[in-house]
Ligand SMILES: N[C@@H](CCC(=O)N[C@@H](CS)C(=O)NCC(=O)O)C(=O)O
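Single chain ahead, written as structure tokens, the form predicted alone.
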């Protein structure tokens, strides 16, 4: 298994996931400045020229949430995904995919000063709706699933952590701050992240 990585990218999330699972893999660090992600060889693996990218016995998986979901299911016995027939699967998928489809586009729109669009038509809505969703979805205690810590926390919690580090969350609530602090206390998080 090869994990294409750069420590200043979303590949930190998948690196953290691999640490949580304690999975042996080859970590291949690509240098953005040297153009490593734009070579013909790498673009054959991932035409987007982006990391993270995971290659597992010829299977290529891109996008941080998809990689985390793939790994959690591949190593289902490690308990980072609900069983396949669990009713928790719906909640689990929501938390896995909400950050990439809604939060990240909204943070990007806000960062680029985009305001002239229909919040009803745009898939991510607007900043106020995203903040209300974050507040509603963040657990008061523990993790997003009743069964315990999962890949959903890696993706959702990791996105909130990232947003806080880059100042994209204006004055996070004590509930959000408490959840992110629980995330940061995990040994695998600490092994895979530079201290915030």
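Positions refer to the first chain, counted from 1. Everything numeric here is computed off the predicted structure, so don't read it as measured data.
Although it is not shown, the form predicted in complex with the named molecule is what the next lines describe.
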item	value
Heavy atom of each of 105, 124 and 134 within 4.5 Å of the named molecule in the model of the complex	no
Contact of residue 161 with the named molecule in the model of the complex (heavy atom, 4.5 Å)	no
Heavy atom of residue 27 within 4.5 Å of the named molecule in the model of the complex	no
Contact of residue 186 with the named molecule in the model of the complex (heavy atom, 4.5 Å)	no
Contact flag, residue 165 vs the named molecule in the model of the complex, heavy atom cut 4.5 Å	no
Heavy atom within 4.5 Å of the named molecule in the model of the complex - qualifying residues of 1-20	9, 10
